[in-house]
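Only one chain is given next, in structure tokens, and it is the form predicted alone.
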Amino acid sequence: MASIYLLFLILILIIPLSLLLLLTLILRPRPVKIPIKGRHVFITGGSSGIGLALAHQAASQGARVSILARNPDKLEEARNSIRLSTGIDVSVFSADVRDYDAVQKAINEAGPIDILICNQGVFIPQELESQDLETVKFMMDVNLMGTFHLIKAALPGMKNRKDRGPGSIALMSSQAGQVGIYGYTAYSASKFGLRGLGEALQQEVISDNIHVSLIFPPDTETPGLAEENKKRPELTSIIAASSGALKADEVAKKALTGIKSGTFIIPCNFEGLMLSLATAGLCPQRSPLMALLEVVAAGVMRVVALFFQWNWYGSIERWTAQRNGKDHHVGGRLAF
């Protein structure tokens, strides 16, 4: 009986604790705290949705906030809204992130940035066969190239700040930047690209005490969501039906909490946490406990992921058979 208890103790305590200790020793980058109060927070897409919610919360926490968007009227509305709710005035800049010169001009006027949040984004769901290449290019230019423009313009000032405290570059991706979904071909490509950008950029800027975060929200209740839902292909809605939408304030709160702790992958709900575990790959990890969870859950999450794929491809098969007016049967014309 004593030997059974000893084996149980080894399995339950000694092995996990030893693994936790090993992970604590090898994790890089090291844990960090990035203050918000008194720092300059520059937020793109800041006139509505998640960006506006981020601006409200950053201002309420004592940050000096600048917001950038294309529409001057919406920017003024956002500034007035933030002033009414927090009593703090924010700086506003009208520019299209696709225009590098306009982005550079706005960032020069705003002054050195401590925390850059690249939140701009456009989403036009459609099957690639039906989507014209101009629309694909539009999403790529705003979501991905726009982020390159912002970082390229802001990085010299961020590196040369007089205050050498920790800085942050946060990229607003999407759960569609963790897993590809029917109808999101171009959008997912633009958001998946941010992952590679972020992983490589973190290695380039870590010696300057700048820390990269990627935020992966699900569908979020923003002004554009209702219109986006109207344009979604039917099959996209079927596959995504199980995912609920978060409020912009909820996403902003989780995003800022993650940014302040220098977290590289910031999920926003339980599904996002599961996706983060399933797609951890070679991403940086600062938390020993999260690293332990990633290691332990890796095999299980792969099984869960395969069940999700089984369900999604089953939906595609049934929908295709129904659309073609044919009864679904095993060994049919389509191979799933």
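Numbers for residues come from their place in the sequence shown, where the first is 1. Everything quoted here is computed from the prediction, not taken from an experiment.
Below, we refer to the form predicted in complex with a small molecule, which is not included among the displayed structures.
Classify F264 as contacting or not contacting the small molecule in the model of the complex by the rule of any non-hydrogen atom within 4.5 angstroms, answering yes or no.
Because no heavy atom of F264 falls inside 4.5 Å of the small molecule in the model of the complex, the answer is no.
The small molecule contact in the model of the complex: V142, any heavy atom under 4.5 Å
Although the small molecule is absent here, V142 would touch it in the model of the complex, with heavy atoms inside 4.5 Å.
Can you check whether S168 is within 4.5 Å of the small molecule in the model of the complex, heavy atom basis?
Looking in the model of the complex, residue contacts with the small molecule do not include S168, since no heavy atom lies within 4.5 Å.
With the partner left out here, check for me: in the model of the complex, does some heavy atom of R195 sit within 4.5 Å of the small molecule?
Close contact is absent here: in the model of the complex, R195 is far from the small molecule, nothing within 4.5 Å, heavy atoms only.
Counting only non-hydrogen atoms and a 4.5 Å threshold, tell me whether G46, K74 and D219 all contact the small molecule in the model of the complex.
Yes: G46, K74 and D219 each sit within 4.5 Å of the small molecule in the model of the complex.
Partner-facing stretch of 171-179, 155-163, 205-213, 107-115, counted where any non-hydrogen atom is within 4.5 angstroms of the small molecule in the model of the complex
Checking each option against the 4.5 Å cut-off leaves 171-179.
L201, A189, V136, A95 - the one with a heavy atom within 4.5 Å of the small molecule in the model of the complex
Of the listed residues, the single hit is A95.
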